[in-house]
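What follows is a single chain, given as structure tokens, in the form predicted alone.
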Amino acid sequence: MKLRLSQKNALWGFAFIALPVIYFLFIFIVPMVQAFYFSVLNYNTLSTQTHFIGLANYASMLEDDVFWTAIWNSLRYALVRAPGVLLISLITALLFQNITRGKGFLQTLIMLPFMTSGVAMAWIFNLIYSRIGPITALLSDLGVQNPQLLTSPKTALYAIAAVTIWGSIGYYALLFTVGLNAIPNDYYDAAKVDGASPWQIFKHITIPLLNPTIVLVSIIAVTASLKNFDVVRSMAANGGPINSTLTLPLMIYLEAFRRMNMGRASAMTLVFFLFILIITFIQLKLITREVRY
């Protein structure tokens, strides 16, 4: 049977759509279903036997104080990292708007930390934060007593967050730069003719028209903060001192690959997924608003 041109185009369209659908199915949906299956089993990777235990893994997880500590640490980490990297990246992108010479070189330079391996960056900052590192020497010169940032429960998580903020500025600044370049210059020219101050232009033109980019970047930043594992693992080992840097991804890793309790780790993974989903939904409700031109 000979197909018409429209039918051939439709078949090609379905063929191209099928590829990402199959990818999404096998990379996301199948592992999620498998994780739920593991979460209702007493599944130890060192044992050849498993048996159904229902919601016992979820019950023991919710009764574990360390689990709630990990939840709180993940929230603290995101509440520090996401606003910090967004603010600094937006300021950086605004500064780039006023640079004419060497702009490409500077943007490439600021992207280098983001392109660096998180593990490599963590080891570099382990040395910087160490007893013989420049940060410790500087704080000592300023009169701070025993400035061991990674060994104090009060500062360890924030010291790690500072590293990931520094490493992500280039990426988020690039996203903001794309959003700023998409704003027509006519709005700025009209505002200047009307005598608007730079702050008024920023408040009433830049921020409202940049809102779609802000929403996108905020969701990416918060999600990346909650999921961050490599830097936290490399700088905090097992979540010390005193579980002050134990985030939920790190706890899932320790449960699955140190304690070999894959069933309980799978239960934590599903709860973590719902946790990120709820946070993302709240973000969309709080920061999404209609912009009238």
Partner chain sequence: MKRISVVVSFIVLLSMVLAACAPAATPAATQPPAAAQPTTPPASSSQPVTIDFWYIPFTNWDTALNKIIADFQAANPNITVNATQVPYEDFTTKVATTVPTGQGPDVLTPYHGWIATYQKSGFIAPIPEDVLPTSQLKNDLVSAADVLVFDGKYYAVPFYMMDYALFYNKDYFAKAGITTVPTTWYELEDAAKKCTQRDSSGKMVVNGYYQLFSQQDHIIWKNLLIQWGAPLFSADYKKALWNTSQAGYDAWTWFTELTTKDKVSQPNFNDSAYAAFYTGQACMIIAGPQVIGQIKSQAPDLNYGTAPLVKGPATDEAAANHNIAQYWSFAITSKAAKDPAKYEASAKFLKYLISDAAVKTYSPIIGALPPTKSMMSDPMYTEDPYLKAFLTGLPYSQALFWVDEQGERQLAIDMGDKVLINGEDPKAVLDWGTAQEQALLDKYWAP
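Only the largest set of C-alpha atoms that superpose within 1.5 Å between the two forms is called the rigid core. Positions refer to the first chain, counted from 1. The model shown is predicted, which means the values in this text are computed figures rather than measured ones.
What comes next is about the form predicted together with its partner chain, which does not appear here.
By the 4.5 Å heavy atom rule, the three marked residues Arg76, Val119 and Asn181 all fail to count as contacting its partner chain in the predicted bound form. Interface residue remark: Tyr37 is counted as part of the site for its partner chain in the predicted bound form, having a heavy atom within 4.5 Å. By the criterion of a heavy atom within 4.5 Å, Tyr43 is counted among the residues contacting its partner chain in the predicted bound form. Contact annotation: Asn238 falls within 4.5 Å of its partner chain in the predicted bound form, judged by heavy atom distances.
Taking the partner from elsewhere, Phe26 is found to have a heavy atom lying within 4.5 Å of its partner chain in the predicted bound form. Exactly one listed residue, out of Gly195, Gly143, Pro153, Pro198, brings a non-hydrogen atom to within 4.5 Å of its partner chain in the predicted bound form: Pro153. None of Asn211, Thr223, Gln107, Gln148 but one reaches within 4.5 angstroms of its partner chain in the predicted bound form through a heavy atom, and that residue is Gln148.
Relative to the superposed core, Ser47 shifts its CA atom by 2 Å or more between this form and the one not shown. Taking the rigid core as fixed, one finds a CA shift for Tyr23 of 2 Å or more between this form and the one not shown. Relative to the superposed core, Leu277 undergoes a Cα shift smaller than 2 Å between this form and the one not shown.
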